[in-house]
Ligand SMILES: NC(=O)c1ccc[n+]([C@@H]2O[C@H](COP(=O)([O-])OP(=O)(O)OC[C@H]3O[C@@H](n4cnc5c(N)ncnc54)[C@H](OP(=O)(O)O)[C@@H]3O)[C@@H](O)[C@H]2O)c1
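A single chain, nothing else alongside it, follows as structure tokens in the form predicted alone.
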């Protein structure tokens, strides 16, 4: 069977590379990457984006490229000329513009950081976005650009992604493992909640969205809520690392930091979970199949 042409950004990244690895037999991937030696494409350059999209027969563009350094973004707060705004907002605007011209469906990878973190329960798709730092603000602005367009679009929000193998960019789970192994893991917050996203499952969700041609906003994490301490504790116990794990406090940390920090980014995934034709693994199951 002939492979399905599929355009993407960020296909060399933490999530994108897993998507390519797991679905290379199904899709003929074409990555828009500024670092490509053969055909560099800068998504902040609309002319370059148009050149590639207009020549492709692909129906979908999976947009995963982003400026994701949250601390680096905070240092650029309100700078619309900085790289965070350029990649996350202008780059997305360019893709939207060209998708409108070429009739392509844009699938956008977004984040739980579009919320302010003040909700005590899991965030749903109908909750109002209210980002409290620049990374989340630029991702929320990109969402607005997409939603105001007349293209077919899908927004998938996730939180703290990790995969079962080691990647050059250290993910949430492997960062903790590295910290434990080096005996340098700092006390983990017991008053901060997040919703880990298992990348091995998430890439299946992307494929599902393409297969079903789904449109709209969907939360696509694990649907679970963990504190940093609970997460690190289970990792420590599961792998028998016997690290003397200490509890920390986000509230106390914020007393000494000027950088804003959401207290809760866990996402409710009932909207998409009810439609999936496969079972998502629990976070405990995902950790158990992780390769050290």
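Here the structure is a predicted model, which is why all the values come from computation and not from measurement. Positions refer to the first chain, counted from 1.
The same protein has a further form, the form predicted together with the ligand, not shown here; the description that follows concerns it.
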| property | result |
| --- | --- |
| Candidate site 41, 87 and 169: all three near the ligand in the model of the complex by heavy atom within 4.5 Å | yes |
| Which of 141-149, 210-218, 122-130, 108-116 lines the interface with the ligand in the model of the complex (heavy atom within 4.5 Å) | 108-116 |
| Touches the ligand in the model of the complex: residue 35 (any heavy atom, 4.5 Å) | yes |
| Contact test in the model of the complex: residue 66 vs the ligand, heavy atoms, 4.5 Å | yes |
| Residue 135: touches the ligand in the model of the complex, heavy atom cutoff 4.5 angstroms | yes |
| is_contact(residue 76, the ligand) in the model of the complex, heavy atom dist at most 4.5 Å | no |
| Contacting member of 98, 206, 158, 176, with respect to the ligand in the model of the complex [4.5 Å, heavy atom] | 158 |
| Heavy atom within 4.5 Å of the ligand in the model of the complex - residue from 272, 15, 283, 280 | 15 |
